[in-house]
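Next up: a single chain in structure tokens, the form predicted on its own.
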Amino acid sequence: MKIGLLGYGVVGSGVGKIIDDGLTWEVRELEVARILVKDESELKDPRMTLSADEILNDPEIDVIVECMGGLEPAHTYVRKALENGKYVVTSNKKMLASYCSELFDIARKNNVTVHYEAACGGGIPWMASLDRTRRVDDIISFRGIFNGTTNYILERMSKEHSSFADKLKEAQELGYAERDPSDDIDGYDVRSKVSLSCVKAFDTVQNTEDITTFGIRTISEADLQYCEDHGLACKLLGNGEFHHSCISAYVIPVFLGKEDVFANIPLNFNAIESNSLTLGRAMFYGQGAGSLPTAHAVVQNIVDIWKNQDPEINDKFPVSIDNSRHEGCYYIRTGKPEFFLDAAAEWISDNTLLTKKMSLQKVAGMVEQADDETLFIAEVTA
């Protein structure tokens, strides 16, 4: 099976290495035929080209692997590949979450499929586990640490009693965080992964913008001191819940009891849990990023296509997100406490409170109305 590889960065080069090394008989049936690179300085292999059309229009190439990242031109290239009747494997969660409905429709019309194991959880076989579970079971909900960068920052802040700015800088120096870390620390990376997990778990497509999303940009040492004083740990969790006619989907920091398994996930690791009717809770843990772990997931998808073990057989139905169905108690620190007087169950200080039990949709509305750039919010589950 011949493969066209779009992008030869961290993930793309890992895919090329795994296939070229051919450590198993299945992988030896695969061949990277062409590789798209960005500029002439990268043309170090006769398979490399600067022309995407040379790859997308090649009738001998069966599968397009997109590892470019970003919305464009990745979206345009994937769309053209599907229109040309080629299977697509992508590690690009942001692009796919933004355009999945359109791309799935094009794929169905051309009798091909889109695969995206590596787009969510890196090397963790999260999507594959959802496919296997749903052959027997309905998935009720999922939750997880989908972003290793924020997990690293939160753990290091907690253990060292250091500032967010210091630990963000450290994460950047170690290569865990980008120069512009917004997608990670504002929760948007997790939002894309929650969206794709809902696609796989619930056979739904949604408007990603409707997923309530709170990040950790504004977390302070005082917030983590509250956790320590009360035997809690702070983690940024992505969540999905199935309600038949609608779903709840949200990203929020959570103050967890130390007995919760997610409270003990270290450094830049990911952990994701599904809850289904007969299997119950099943958890997956491992590296959520990195060249070879993520490339491993990409190659698994290619082997699935080659062996005709194609999980993408179900239609995806548009569904609304209703976060009024999720209720909880929330820790809020804000410079505008007057906006939360009616919600307060307990005042921790003049600017910090615990809310009564209330819907996430209602508290999110209050946060939006307060319009406080310094505000930090976390759900308290212990």
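All residue numbers are counted from 1 along the displayed sequence. From a predicted model like this one, the values you see are computed outputs, not experimental measurements. If you superpose the two forms and keep the largest set of C-alpha atoms that fall within 1.5 Å, you have the rigid core.
Quick note: we don't show the form predicted together with a small molecule, though the next part is all about it.
- Query: Tell me, which of D223, D189, D304, E241 has a heavy atom within 4.5 angstroms of the small molecule in the predicted bound form?
  - Reply: Contact residue from the list: D189.
- Could you spot which one of A97, L154, A177, V112 gets a heavy atom to within 4.5 Å of the small molecule in the predicted bound form? That would be A177.
- Item | Location of the small molecule contact in the predicted bound form, chosen stretch of 162-170, 281-289, 258-266, 195-203 [non-hydrogen atom, 4.5 Å] | Partner-contacting stretch among the options: 281-289.
- Query: Do K93 and the small molecule share at least one heavy atom pair within 4.5 Å in the predicted bound form?
  - Reply: Taking the distances in the predicted bound form, the answer for K93 is yes, it comes within 4.5 Å of the small molecule.
- Message: Whether G148 contacts the small molecule in the predicted bound form should be assessed with a 4.5 Å heavy atom distance threshold; does it?
- Response: Although the small molecule is absent here, G148 would touch it in the predicted bound form, with heavy atoms inside 4.5 Å.
- Message: If I superpose the two forms on their rigid core, does the C-alpha of L168 end up displaced by 2 Å or more between this form and the one not shown?
- Response: Yes.
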